[in-house]
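One chain is shown next in structure tokens, namely the form predicted alone.
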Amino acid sequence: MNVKSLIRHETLLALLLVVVLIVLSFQSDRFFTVDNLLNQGRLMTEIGLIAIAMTFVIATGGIDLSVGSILGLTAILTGVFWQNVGLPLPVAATAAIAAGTFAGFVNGVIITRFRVPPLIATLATLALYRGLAEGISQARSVRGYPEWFYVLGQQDVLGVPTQLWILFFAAVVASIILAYTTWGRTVYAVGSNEVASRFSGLSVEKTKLALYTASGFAAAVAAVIFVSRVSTTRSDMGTGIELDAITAVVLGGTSIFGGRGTIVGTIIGLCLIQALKNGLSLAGVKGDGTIMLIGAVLILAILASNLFERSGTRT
């Protein structure tokens, strides 16, 4: 992994985020307020949890397109286990998270045991898990959760949204694992050269299996937080969230070919995307314009990073 290029990319991205925050603050006096910024943190937590796990997956040269469907399936199962099966809500949520984690494990088995490319495998399970969610829900939503359940998605701890504490904790732990542990170095090694990693005695298959299982777990936890935030469950929850997560990861400097990436970069990329969405919305820009601008920022950030990397290798 080229540490210098990553530092340069993250620094560039952080400076871009500061510029965007300053510019958007002049577009609307509601943007740069404590309430609005904390609310945006509340809204980006689900994507953030998925993006953190996705950073590990993409750093190995893989991808997980099924996370949105796993989120939807877990959300539906939470409601069904509680309302239809009659389980206590904590047990129902735990069982649903276990099911979402198992869905991630199935992805890992398909990819490692049957040698199916991650893009194809998770594209197939994207459809499978979404179909299961729709079949189980029968187009019905579940509402009426007890008040205490909303602590996760709608209430604060020490003045900060509860889910932001969860995201912060997950980001810190993931950063330490990826940057400072043997397992983190294995992730980079697998992404850089999978064949050489095998010859070096690294457990490539076990690493991949663990990563896709963790990706399912992150999506499942995000689902429970999502349900707590919006007070209902629907089978279409999480549709398209995988693209937002992948965009944040790639924008944050993780190479889509593997072998490079950091959690800090992913979080900065996530904040940049959320700032653009919120700031442009407050400024009156329509949704299509926001999507186009985010796409342009992604392309420019990647091009700038590649230029810095090339100049670094020449010197």
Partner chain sequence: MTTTVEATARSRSAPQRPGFFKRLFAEYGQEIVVLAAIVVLFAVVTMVNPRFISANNLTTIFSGNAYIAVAAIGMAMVIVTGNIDVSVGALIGVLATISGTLAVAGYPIWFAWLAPVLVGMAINAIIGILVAYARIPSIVVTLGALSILRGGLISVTGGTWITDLPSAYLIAQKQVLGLPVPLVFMVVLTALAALWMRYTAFGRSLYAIGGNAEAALATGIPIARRIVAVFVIHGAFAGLATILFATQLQVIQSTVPPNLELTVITAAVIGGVSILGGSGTVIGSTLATILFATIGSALIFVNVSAYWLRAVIGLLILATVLADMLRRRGRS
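Model, not experiment: these values are computed from the prediction. Positions refer to the first chain, counted from 1.
Not on display, but discussed next: the form predicted in complex with the partner chain.
Enquirer: Looking in the predicted complex, any heavy atom of Arg130 within 4.5 Å of the partner chain?
Expert: It does: once the partner chain is placed as it appears in the predicted complex, Arg130 has a heavy atom within 4.5 Å of it.
Enquirer: Determine whether any heavy atom of Phe257 comes within 4.5 Å of a heavy atom of the partner chain in the predicted complex, and answer yes or no.
Expert: Because a heavy atom of Phe257 falls inside 4.5 Å of the partner chain in the predicted complex, the answer is yes.
Enquirer: Can Val23 be called a contact residue for the partner chain in the predicted complex at 4.5 Å between heavy atoms?
Expert: Val23: no, not in contact with the partner chain in the predicted complex.
Enquirer: Would Ala139 show up as a contact with the partner chain in the predicted complex if we use heavy atoms at 4.5 Å?
Expert: Residue-level check for Ala139: yes, a contact with the partner chain.
Enquirer: Please pick, from Val91, Val160, Ile120, Ala98, the one residue with any non-hydrogen atom lying within 4.5 angstroms of the partner chain in the predicted complex.
Expert: Spelling it out, the residue with a heavy atom inside the cut-off is Ile120.
Enquirer: So which of Val264, Leu280, Ile63, Cys271 reaches within 4.5 angstroms of the partner chain in the predicted complex, heavy atom to heavy atom?
Expert: None of the others qualify; the residue that does is Ile63.
Enquirer: Among 141 to 149, 203 to 211, 221 to 229, 239 to 247, which stretch has residues with heavy atoms no more than 4.5 Å from the partner chain in the predicted complex?
Expert: Residues of 239 to 247 come within 4.5 Å of the partner.
Enquirer: Please state whether all three residues Ala124, Ala296 and Leu303 have a non-hydrogen atom within 4.5 angstroms of the partner chain in the predicted complex.
Expert: Every listed residue reaches the partner chain in the predicted complex, so yes.
Enquirer: Along 102 to 117, which positions have a non-hydrogen atom within 4.5 Å of the partner chain in the predicted complex?
Expert: Stretch hits, in order: Ile110, Arg113, Phe114, Arg115, Val116, Pro117.
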